[in-house]
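What follows is a single chain, given as structure tokens, in the form predicted alone.
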């Protein structure tokens, strides 16, 4: 009787633990899915935002034939880089472009004729635009309604082409913020690729040495040192890069500044090494001793055994270490922010200042008004980073599965 009660209690405890584990796994999966959905739902709102700064419009003379302007064209007009309508393919009598903002109105109209409540500003702005056919005005949306008789340009919303094909990231530009993600994505890929190329050979080499060649005495010293490197905060790596690596790069390559993509790649490679080494070493040590001894017994030397038996058998674990190392390199924020120059320009070499996606989000999220275009654009950057990481994981998993099949 007691045995039955004991067995029943044991089965009940096992079933309870099994249920708790299932619930824990389900809750974790649901939370991850909700986080991803939240990320995408917040980001997609940017494509409902207008090209021009919220609450403002672009207006011209009603006889001006211009119908549409891109965000880049608007920025260049107000930065006085485009000074004539012919450059935009528009032919009007007054070819030179003149600008009108609210602060400029007293230059065209006596201040004493402007009512204190500014109720007659729509009529005043209309009159100024009538008298200057080549003028383009950036005015509050409320002033372009009742009493306003000129032409308001319907510039539409930010679209996919302008966002993903844009070459300039300037979210605080007026009157049209620039949300071109190409410089940010290119900077992320350049720095991450450089970090992978540096960390991968060193990481695998050290893991092979530690697992197969190092003596027990050396391994006891090497293992804690590598694990200690994994626990160092990223800001410390950033300080090290800023004080040591940046001046060294500036001196060696004779650059004006040392804050470059190469500095970011070296710092990220150092940060990724402990992860790659630790996981790859554990995978190499999991190779059955019988397989190694069989290889040696057949006449293979130690290096041939490592290359032909140990590495192919443990390739899955090595791949996992590489993926985690790459994930840290792509998602790192503070260290990259400190050593890469934080310049949102399209890089052509690793010897130029760059800006990465995580650094952009960290630097700008606190300044972006919640719910605004800038805020939502940063969430889209987060979505892009998620997709890049997912693609890398899928590619590495595919390569790993092919290697498993070859070994089998």
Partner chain sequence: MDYNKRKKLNQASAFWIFRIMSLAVIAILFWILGFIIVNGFQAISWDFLTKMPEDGMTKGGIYPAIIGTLCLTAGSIIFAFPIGVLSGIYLNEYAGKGWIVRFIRMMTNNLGSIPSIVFGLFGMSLFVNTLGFGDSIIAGSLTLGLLALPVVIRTTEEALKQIDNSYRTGSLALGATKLQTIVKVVLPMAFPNIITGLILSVGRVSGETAPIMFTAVAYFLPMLPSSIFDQVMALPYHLYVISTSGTDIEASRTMAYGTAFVLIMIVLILNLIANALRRYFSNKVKTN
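Here, rigid core means the biggest group of C-alpha atoms that superpose within 1.5 Å across both forms. Positions refer to the first chain, counted from 1. Because the structure is a prediction, the values reported are computed rather than measured.
Below, we turn to the form predicted together with its partner chain, even though it does not appear here.
Only one of 249, 88, 242, 124 comes within 4.5 Å of its partner chain in the model of the complex through a heavy atom, and that residue is 242.
Proximity to its partner chain in the model of the complex, defined as a heavy atom within 4.5 Å, holds among 84, 316, 304, 149 only for 304. Looking at 135 to 143, 184 to 192, 205 to 213, 283 to 291, the stretch with residues near its partner chain in the model of the complex, meaning non-hydrogen atoms within 4.5 angstroms, turns out to be 205 to 213. The shortest heavy atom separation between residue 227 and its partner chain in the model of the complex is within 4.5 Å. In the model of the complex, its partner chain sits within 4.5 Å of a heavy atom belonging to residue 28.
Although the partner is absent here, residue 348 sits far enough away that none of its heavy atoms falls within 4.5 Å of its partner chain in the model of the complex.
In the model of the complex, none of the heavy atoms of residue 45 sits within 4.5 Å of a heavy atom of its partner chain. Here the marked residues 63, 128 and 372 all miss its partner chain in the model of the complex; none has a heavy atom within 4.5 angstroms. Residues 358, 361, 362, 365, 366, 370 are the ones in 349 to 371 with at least one heavy atom within 4.5 Å of its partner chain in the model of the complex, listed in sequence order. Once the rigid core is used as the reference frame, the Cα position of residue 20 differs between the shown form and the other one by 2 Å or more.
When two forms of a protein are overlaid on their rigid core, residues whose CA moves 2 Å or more are considered shifted, and residue 327 is one of them between the shown form and the other one.
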